[in-house]
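One chain is shown next in structure tokens, namely the form predicted alone.
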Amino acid sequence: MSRHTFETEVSQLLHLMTHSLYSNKEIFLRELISNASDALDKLNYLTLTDDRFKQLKYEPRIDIKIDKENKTLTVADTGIGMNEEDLVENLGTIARSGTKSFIEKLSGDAKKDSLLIGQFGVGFYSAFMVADKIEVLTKKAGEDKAYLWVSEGKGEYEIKEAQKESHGTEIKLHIKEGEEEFLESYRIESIVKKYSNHIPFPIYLEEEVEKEGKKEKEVRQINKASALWRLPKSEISDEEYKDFYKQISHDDNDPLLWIHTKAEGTIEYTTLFYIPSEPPIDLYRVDYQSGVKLYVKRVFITDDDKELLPTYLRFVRGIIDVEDIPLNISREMLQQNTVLMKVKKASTKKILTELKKLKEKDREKYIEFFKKFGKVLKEGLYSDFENRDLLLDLMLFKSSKREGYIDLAQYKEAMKEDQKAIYYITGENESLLRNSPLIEQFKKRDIEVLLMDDEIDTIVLPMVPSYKDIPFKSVTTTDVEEDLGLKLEKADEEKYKELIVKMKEILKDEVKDVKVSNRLSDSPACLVFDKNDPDYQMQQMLKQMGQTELPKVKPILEINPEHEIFNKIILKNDYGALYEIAPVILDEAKLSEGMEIDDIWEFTKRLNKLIAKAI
């Protein structure tokens, strides 16, 4: 016998399981059945593809046994089983990275926390919500030794050699006081029908029943055991679609929509995709778990291939079942398989088309989807050239002229007759963008500006040249004035020459240039960037991506010559006042664009000095 200690994260999780998560305890059975199904899938694949396992007796089934007298509930499978090393790896540690972030997300709110359990691949431990002791008897296919894993969920577990006739795993739960409902056959059957009806393997329930005064064991199948995705759509109810989603996604929320496709012809395949109503917990992690399972002729191949759909559709859950791929295809060959590449291409188009239909039929529902997944969908704009037009139709934007969201078709329809581009401004704060000095003249001319407040917009928009032949243009570029017909006359440039020379001299270390501009109407100044330089948002993004040693990119300060500050300086011929005023104007311009001030204390000191003089 060997005694082990759970890793820290598992101990924390077990503590939460036993003390906090009481909202939806029934999910423990869904998780155990799901694990059993995975074990059967893995063995099925080996018996068909690996010579060492082809002679192995494979009779896939899941058995649930109720023992009221001893207060135990057992879930057994005839799957691949585990050896000692597997037990330590699978039940003593949490193999997936990001566990700490998962633990941190557990809020103590039982309902919310229970939704996270299955998503993060820690479903086995949910059994401790209803059991004060768990025994796992298991034997790995093709090996001689069996092992018994035992734990009371209090920081330690034991593993010892045991006896078991055949391969597979039996998980025996010693049900806690007060949780006897899970020893009732009607309760177990209702949970199986709710979550596991379409597990593609038979689930049998064994219980003791009284017949003619005698107790007898009765075994009956309690699920349909049909591969739901293989059934005709007409035979599947909405509830069955939803329940199957919950089974494969470990998500207790109903899906937003589902897309069931059977393709016949040169390539035959079936797909069943779901769009979740809530984002998966690892949506923004590099090591996200793929939500799509690949089958070949109903035989499970993998659920860990991120190439089945584009990365920007990583929130999609579902099944791809293909007819024309060899079962023993290697992981490397999967990536290059022409059949799979065609299925991926067709599936991507189908998902995007269905999302477009949703946008047209139920805009409110689509807006809710876009709020949660739009940022990820935008990644496709720079990675999927083939579907860019379709993706552009799916984009929603905030606007300087309207509340809520608009799409590009609405923007195009509202464009002025002589408008030359689709104008946009990027930043992190919607309020700052709405009130930015950079869009003052656009407002004055009633020209709509798209407000891009997602950090990804700074990367995406420069990669998208146009929408229906209309170019995108940032309002921060220096050539926008020409579009708006705001070019200064030579006489004006001469009038403000001394002002500009002085400000350049004072701010020479902080700005690339100082220019007089007609783009402003109310503000004294604004900051723009040379069209060949990355703007402030792009600089911040590059820093976040680890490019910390970038050369400093200086902005261009554009000043409003009609503003009373500059009029008074010129009128009084008091250019010396600029030594105090110019740095404050620069810092104010930075603040209005959401930029950081280099020295906040110096800014405050200068501002207070100017206020004192004005009193």
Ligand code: ADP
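Please read all numbers here as calculations on a predicted model, not as lab measurements. Start at 1 and count along the sequence shown; that's the residue number.
Not pictured, yet referred to below: the form predicted together with the named molecule.
Contact check for 196, 295 and 319: none of the three has a heavy atom within 4.5 Å of the named molecule in the model of the complex. The named molecule is not drawn, but in the model of the complex it has a heavy atom within 4.5 Å of residue 124. The named molecule is not drawn, but in the model of the complex it has no heavy atom within 4.5 Å of residue 27.
Looking at residue 73, you'd find every heavy atom of it more than 4.5 angstroms from the named molecule in the model of the complex. Taking the partner from elsewhere, residue 81 is found to have a heavy atom lying within 4.5 Å of the named molecule in the model of the complex. Checked against the named molecule in the model of the complex, the residues 64, 36, 582, 559 give one hit for a heavy atom within 4.5 Å, which is 36. The partner is absent here; in the model of the complex, the one residue of 347, 426, 436, 169 having a heavy atom within 4.5 Å of the named molecule is 169. Heavy atoms within 4.5 Å of the named molecule in the model of the complex are found in one stretch of 568-576, 551-559, 583-591, 36-44, which is 36-44.
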